[in-house]
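One chain comes next, on its own, written out as structure tokens in the form predicted on its own.
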């Protein structure tokens, strides 16, 4: 195939990808480079490892589908770093840090709701272990904690290329610790975690009631702190509000800086919408940004969801994005925005969607077919209602607030990794809001 024909094919493929998967499409897709297309093997060059990882994890299936649609043949897609034929390096080995390319400080919108958290993350990324140690970030789901953690890693790597970083969810920390005990590799686990330059634990509240894990983390914390290594922790609430956590740990969480992230103001939401739109290559007016900011008032992911709906509607209709189209795209949600949503509404929608009984959701059954819909109920109730964690748990079999928190964290992590789960949540939210 001629070089010119191959280049045109690749351009068509990128356009098809943006139409197929608007959620994961980015403006920088246009900067990707076709390295080789030979014998059904399509090799794509990426500017850095984080980009290659994002494409491998989030977009591999979409790229393959688009390539096969355009060529009419079976195609295998491979992502590598520009200038290197070692495409396998784009797929990280177990334990290698995986970062989202969008989650940088440049792409983070700073406002009154997050100014301290942003400034402190910037500081520790340039001087790990010496400025604020530990750094403890807290706030509700969808306010930017994960974005800041990734940004710290990106910036720290720019500042010092050889820096060692361990970034784990609390659940991963606990599971890896348990696995190390079972396999007899505890000393190796301890050595690895206690020798890094930066240790990041996301959702540290999940250490609640795990006494042995808390004991292990206590000693890991002390080893890192005494060696002036940076510790960054996130949670859904302040250290003093972490119930069933050892007091000696809570005390250490307060040693450095505790920074809270609040829901963004109207002006900040508009700026976030414009930033997210720019990343996706969307040209939206201030009026459209204001429309979205009014629609989604508490959660940044709701802003992203509204953008996705508008983008998908424009692609389907073959129309440019206008205020009228945005109103039509978001019309159903906007009409029902003032209707108060109850936990009963959510339970009814989930039981119908997953074809399960309400009695099963409220039972002690733990099978995946029941546990997942139950956790989704808790997640939606926390994001769509003003009920407390205790009230949500009470409606679902009398479960305590820590169980609800765990469920919300698990579903939030799942929807970030799995587009199918994200689509399920969006569809359920739409059904619930429409009543």
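Here the structure is a predicted model, which means the values were calculated and not measured. What we label the rigid core is the largest C-alpha set whose atoms superpose within 1.5 Å from one form to the other. Positions refer to the first chain, counted from 1.
Here the subject shifts to the form predicted in complex with adenosine-5'-diphosphate (ADP), a form of this protein not shown in this document.
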Identify which of 157, 208, 252, 145 has a heavy atom within 4.5 Å of adenosine-5'-diphosphate (ADP) in the predicted complex; exactly one of them does. 145
Which listed residue (345, 216, 304, 360) meets the criterion of a heavy atom within 4.5 Å of adenosine-5'-diphosphate (ADP) in the predicted complex? 304
In the predicted complex, which of the stretches 123 to 131, 242 to 250, 271 to 279, 319 to 327 has residues with heavy atoms within 4.5 Å of adenosine-5'-diphosphate (ADP)? 271 to 279
Please tell me whether the candidate spot formed by 103, 141 and 300 is one where all three residues come within 4.5 Å of adenosine-5'-diphosphate (ADP) in the predicted complex (heavy atoms). yes
How about residue 114 - does it come within 4.5 Å of adenosine-5'-diphosphate (ADP) in the predicted complex, if we only consider non-hydrogen atoms? yes
Would residue 109 count as touching adenosine-5'-diphosphate (ADP) in the predicted complex under a 4.5 Å heavy atom rule? yes
Per-residue C-alpha change between the shown form and the other one, residue 379, threshold 2 Å, rigid core fit: yes
C-alpha of residue 408: shift of 2 angstroms or more between the shown form and the other one, rigid core aligned? yes
